Structure formats: C-alpha cells, structure tokens
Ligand code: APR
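The chain below stands alone and is given in structure tokens; this is the form predicted on its own.
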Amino acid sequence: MKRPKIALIGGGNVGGTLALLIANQKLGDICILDIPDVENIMKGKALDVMQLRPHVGSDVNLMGTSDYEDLKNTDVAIITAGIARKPGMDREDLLNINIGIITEVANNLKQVAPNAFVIVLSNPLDAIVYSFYKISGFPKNQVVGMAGALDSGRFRTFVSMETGFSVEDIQCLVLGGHGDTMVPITRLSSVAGVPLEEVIPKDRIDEIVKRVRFAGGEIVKLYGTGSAYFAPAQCAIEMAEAYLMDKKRVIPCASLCEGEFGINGYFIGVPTVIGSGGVERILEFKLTTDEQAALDKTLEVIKKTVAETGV
C-alpha cells in the first residue's frame, strides 16, 4: 500500500520535531520545505532522520527541499512557516511578517497540492488560518488550525501537575482564539468523569486557567529566543493521524464556523470532528451566559486581527 505523503512547510524547531515524530509513528513519507537559503539544512534534517529509521523500525522516506514542485500529490500539509514569538511579543505582533509568508505558501500550495488536508500552526493562528483559507480558495473541510488542541493539552497538564493524577484520566476543553482571551470550559472539565470542581478548589482552578491562557508566553520567556515546539508538533500529529486514519477524533481546533456558537465566517477554536473527509463536523453545545460572553470577547479579538490582515 502506498504511504501517505506529508509536507512540512517550515523546517524550524516545529518542523524538525514533526519530521521526527512522523517517522517514529510511521505515518507517511515526509517532505520538509523551507526557503532556498536553508535548503541544505532541510536536506540535512531529512538525512539525519532517515538514518534514525533503522533504530525505530520505520521505512518512511524523507527529503528536504525549497521547491514546491516536490510537494505534488501531498495528502497532508502542516504549515509552521513564519517567525516565532520572542520575549515581549504577542501573537498579533507577528502578523505583518507572517501574513506575507502565508500568502506565498497558499499561492504555491493551491497549484501543486489542491487536494491536501491543511493544518496551520503559524501564529497569530486565528488570522493566519483564515488568510490561508481565503487566499488558497481551499474548501473549508480541507483547512484547520491548531488552537484548542494545544491549549486543552496544556490545561490537562496543569491539572495533572496540581493533582498528581494521570493526564490520561483528565479531560479539558478550551474554546476560542489561540491567545490570551481563550475560553477554558471548566464546567466540562473532569478527572475520570469526576467534575474538576470536586477535585480542585475553585481558587486553584482559577490560577490554572490563568496559567493556561498565558502558557505560550511562559515558554517564550523561558526559552528567550523562540516559542514552544514539542507540544505543538505532537498536537499536529494527532490531527494528521485523525485524517489519515479516518479516526473521527473530536479535537478542539480552529475551524470555520458558519453559525455554530453564533459565529459566522471566522476560524475559531471549537470541538471539531476530523476524519477522512477532513473537518467533518463541529460539535455544538449550549454555553452558559458567562461562557458565551467570554467566547464573544475572544471573537472580537479575532475579528480585529483578521481585519488587520487585509485579506
């Protein structure tokens, strides 16, 4: 059986980590693309991971390139291209530079891989995934952004760190924009089905929620020269795997809403069913008044950033 072809557009920290994870998990053949100035580095990363394969029993093939023609017949494209956050920057500070990059990516990808399922990781996420969708003309089911997948994982991590319980038994949901106005739904969070409020005092939950909202910035400050890459890469793998294996996973992702949760025409973090049809469905549920108000607030931030793209 022919292996799927996975394109990694952007071969920095996230792209390199993705290549390693995909090879380890044997998801498909990998093409790492970046600008001509670093093409040899991409080829080096591909060769490095190729030489790792005997130790993990993986036969996937890898190549590094700067030529979009090498992305023909791509099944999944994971976009990480763009500059990373630096200390003192928020995601909106990245917009002017990264909008130019995503425009080039969209224009090229629609020529060589019009049927690819596209997962966008570049920040500011909500505006960049919207811009890719508009510029590329891809159907809405083929385009998704990694938002709540990472944020929900961070929420689960912090609950596990607080309680000492396994992350496997912790369920958390984060809606909204991939930024400081995200909306952790504590009401639906649980430990093995036990409501979170029964496990952790409210004041500690509030502290955890605050840490979730600023978790990306916390890592940026610690790194000093970049942003998170291990966890974002694994989240993208989950999304790609759900598509390639038709798993019907329900993952909080930035999907195009057309009326769901009262939102129309914007990509925002919502529970998204990913299967072989790409974005197959958005699971809508009734929010409390406070939750809806918080979602409306994050939507206004997204609208402002999207308007600034000029797309």
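This is a predicted model, so every value here is computed, not measured. Numbers follow the displayed sequence, beginning with 1.
Omitted here: the form predicted in complex with this ligand. The next part is about that form.
Looking at this ligand in the model of the complex, residues Ser189, Ile208 and Val270 place no heavy atom within 4.5 Å of it.
Segments offered: 277-285, 53-61, 34-42, 240-248. Contacting this ligand in the model of the complex at heavy atom distances within 4.5 Å is 34-42.
Checked against this ligand in the model of the complex, the candidates Ala116, Val159, Ala106, Ala81 yield a single residue with a heavy atom inside 4.5 Å, and that residue is Ala81.
A single residue from the set Ile135, Ile219, Ile200, Ile101 has any heavy atom within 4.5 angstroms of this ligand in the model of the complex; that residue is Ile101. Interface residue remark: Thr163 is not counted as part of the site for this ligand in the model of the complex, having no heavy atom within 4.5 Å. A residue is said to contact a partner when one of its heavy atoms sits within 4.5 Å of a partner heavy atom; Val14 meets this definition for this ligand in the model of the complex. Taking the partner from the other structure, this ligand in the model of the complex has no heavy atom within 4.5 Å of any heavy atom of Ala147.
Looking at Ser227, you'd find a heavy atom of it within 4.5 angstroms of this ligand in the model of the complex. The partner is not shown here, but in the model of the complex the stretch 111-150 reaches within 4.5 angstroms of this ligand through a heavy atom at Leu121, Ser122, Asn123.
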